[in-house]
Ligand SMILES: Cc1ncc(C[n+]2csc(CCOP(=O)(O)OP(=O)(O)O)c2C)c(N)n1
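Encoded as structure tokens, the following chain is the form predicted alone, with no partner shown.
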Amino acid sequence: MNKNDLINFELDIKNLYEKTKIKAPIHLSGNNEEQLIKIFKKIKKNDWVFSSWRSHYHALLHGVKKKDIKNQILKGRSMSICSNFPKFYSSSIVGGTLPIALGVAMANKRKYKKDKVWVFIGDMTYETGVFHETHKYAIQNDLNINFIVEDNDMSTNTPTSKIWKNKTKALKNVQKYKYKRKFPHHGTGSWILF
């Protein structure tokens, strides 16, 4: 998958949504292709990847088949794409994947598996208690888990920096990158949002 493959996939989904072929909410990615391609070079095929509601790029880059992703989206599961192999799980619940990813990382450790767990969260989820509890537990138990914070400075439709004025210090096993959101919180921007 290269940058153009990712962009073209999202544009295809955007067009299907605007033609009312998708009858459920969608959350499109954009303007973060290069950062994700770089991150996914470190992720091995056997690793677990956990994502949020904006999961299309993550699923594609982890090797979930394009056709399978598109079928799940057409069935209304844009925000809950899952796959057994490659191991991929997403949820639309804010912070919902964090405890599940933590459990997988703990199970891997107990079974002496070397597979890593990668968790992608937004900048607002990064500020929640569930993230800090999950992160603290993972560090205290030396779990093989990496947290990726995708910082577009938006919490739904509110700038995150206006809500959390403090500067969060860097944490162990946490990588953060910034990008400007291309699409609105949900949908394509073609219709009125309520």
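Quick caveat: nothing in here was measured; it's all calculated off a predicted structure. Note that residue numbering begins at 1 and tracks the sequence as displayed.
Below, we turn to the form predicted together with the named molecule, even though it does not appear here.
Q: To verify the annotation, which of these, 93, 74, 100, 106, has a non-hydrogen atom within 4.5 Å of the named molecule in the predicted bound form?
A: That would be 93.
Q: Could you spot which one of 40, 131, 48, 53 gets a heavy atom to within 4.5 Å of the named molecule in the predicted bound form?
A: Of 40, 131, 48, 53, the residue with a heavy atom within 4.5 Å of the named molecule in the predicted bound form is 53.
Q: Give a yes or no on whether every one of 124, 156 and 185 sits within 4.5 angstroms of the named molecule in the predicted bound form by heavy atom.
A: Contact check passed for all of 124, 156 and 185.
Q: Given a 4.5 Å cut-off on heavy atoms, tell me which of 133 to 141, 53 to 61, 66 to 74, 40 to 48 is the interface stretch with the named molecule in the predicted bound form.
A: Looking at the partner contacts, the answer comes out as 53 to 61.
Q: Flag residue 146 as yes or no: does it have a non-hydrogen atom within 4.5 angstroms of any non-hydrogen atom of the named molecule in the predicted bound form?
A: No, residue 146 sits far enough from the named molecule in the predicted bound form that none of its heavy atoms falls within 4.5 Å.
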